[in-house]
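In the form predicted on its own, a lone chain appears below as structure tokens.
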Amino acid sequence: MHLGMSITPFGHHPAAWRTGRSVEAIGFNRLAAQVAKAQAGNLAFVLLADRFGQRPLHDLSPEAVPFEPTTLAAALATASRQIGIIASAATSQHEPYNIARRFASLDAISAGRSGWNLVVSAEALARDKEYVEVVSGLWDSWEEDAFICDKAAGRFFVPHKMHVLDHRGEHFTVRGPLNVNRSPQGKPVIAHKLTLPTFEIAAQYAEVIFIDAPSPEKANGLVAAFARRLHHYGRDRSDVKILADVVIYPGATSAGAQELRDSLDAMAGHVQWSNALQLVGDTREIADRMQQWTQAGIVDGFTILPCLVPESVHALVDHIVPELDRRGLLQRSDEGFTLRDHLGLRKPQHPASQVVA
């Protein structure tokens, strides 16, 4: 079981900010403290969802991370040591060269711990597929040992180990190359929130899949359909990690957890705000449900959405994670440092290094 956590200032429940929270919660130090706590729990990553790239139209949601995600990721990378950081960026809001350069830079800054949460438009999937191809191609601008800094010979890099993309497509013309060295993990990890309109682009390119599924039956159907699309593109189920979003309402007792859920729902007006799995209970009850899902082979792990910050974050790290660990359920890499190492994802080889049979 792989575990990550989605970061938000007050909590993922829409009423969380109304429970005596301080405006200081939107500051960098409070967000960094969440990341530090998640790292102490040996979680694989934190996710900067940013409402998945949606721009505010008439108001600013208290659920949104109050920084541009990739800028925040760079700051968090310098304030953390080992946890992965997945930042959202929408293809409709950035040029592909800039996104490729930004995430390559993040991977260099974090020593290989970055991931791109790919946010696409259901109305422009052909453009977005070309966009991802361009970004991925730009990440191959340099082979791993291209930069040699040979002062005696006056060679900063080996010329034939630089690869110019020179892409000319229907939607983009991008020459390249990047001016950033190859990623320590080959390429940054591509993640995606799965929806029915984006099945194809996710099946072609994503390596971490986030799903919303309130029941095992719905999750099984979604995962089975996605696995079929993976095979269509020559990929295996083992090539991706599928993580279910789960909102946790932890309590010292079942009754206390339910009281927390009821009080938040009452403040929010009982609106339907998430299709994610909702887990309400004490430590053992929440661990039981997560164990049932993973042992049934439905998902590879979970992205935790704490209902309240920092209380639910502390409950996760101090109680739920140790309980899962005691049951031998957590998958942790004792070797390696990158986000790919944490998640057990293969490191992509540079095309120039692949042997042609």
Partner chain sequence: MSAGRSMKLGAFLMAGGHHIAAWRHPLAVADAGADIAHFIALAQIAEAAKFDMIFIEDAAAIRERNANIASQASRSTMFEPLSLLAALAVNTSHIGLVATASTTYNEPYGLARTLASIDNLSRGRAGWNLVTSASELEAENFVSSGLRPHAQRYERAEEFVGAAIATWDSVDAGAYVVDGGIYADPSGLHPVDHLGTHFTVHGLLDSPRSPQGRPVMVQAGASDAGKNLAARTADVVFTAAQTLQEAQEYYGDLKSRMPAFGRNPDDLKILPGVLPIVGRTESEARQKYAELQELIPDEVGVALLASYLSIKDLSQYPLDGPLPAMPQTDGIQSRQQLIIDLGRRENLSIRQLARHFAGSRGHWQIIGTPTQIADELEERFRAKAADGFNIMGAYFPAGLEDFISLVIPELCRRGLFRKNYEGRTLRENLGIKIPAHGA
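Residue numbers count along the first chain shown, from 1. For clarity, every value in this text was computed on a predicted model and none was experimentally measured.
In what follows, reference is made to the form predicted in complex with its partner chain, a form of this protein that is not presented.
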Task: Interface stretch in the predicted complex with its partner chain - options 186-194, 95-103, 207-215, 227-235, non-hydrogen atom within 4.5 Å - done: 95-103
Open item on the list: Residue-level contact is defined here as any heavy atom of the residue lying within 4.5 Å of its partner chain in the predicted complex; does residue 300 satisfy this criterion?
Closed with: no
Open item on the list: My question is simply whether residue 71 lines the interface with its partner chain in the predicted complex - judged by any non-hydrogen atom within 4.5 Å.
Closed with: yes
Task: residue 256, heavy atom within 4.5 angstroms of its partner chain in the predicted complex - done: no
Open item on the list: Residue-level question: is residue 275 within 4.5 Å of its partner chain in the predicted complex, judged on heavy atoms?
Closed with: no
Open item on the list: Between 178, 202, 83, 240, only one gets a heavy atom within 4.5 angstroms of its partner chain in the predicted complex; which residue is that?
Closed with: 178
- [ ] Answer yes or no: in the predicted complex, does its partner chain come within 4.5 Å of a heavy atom in every one of 22, 147 and 152?
- [x] yes
TODO: Could you run down 16-32 and flag each residue that has a heavy atom within 4.5 Å of its partner chain in the predicted complex?
DONE: 17, 18, 21, 22, 23, 26, 28, 29
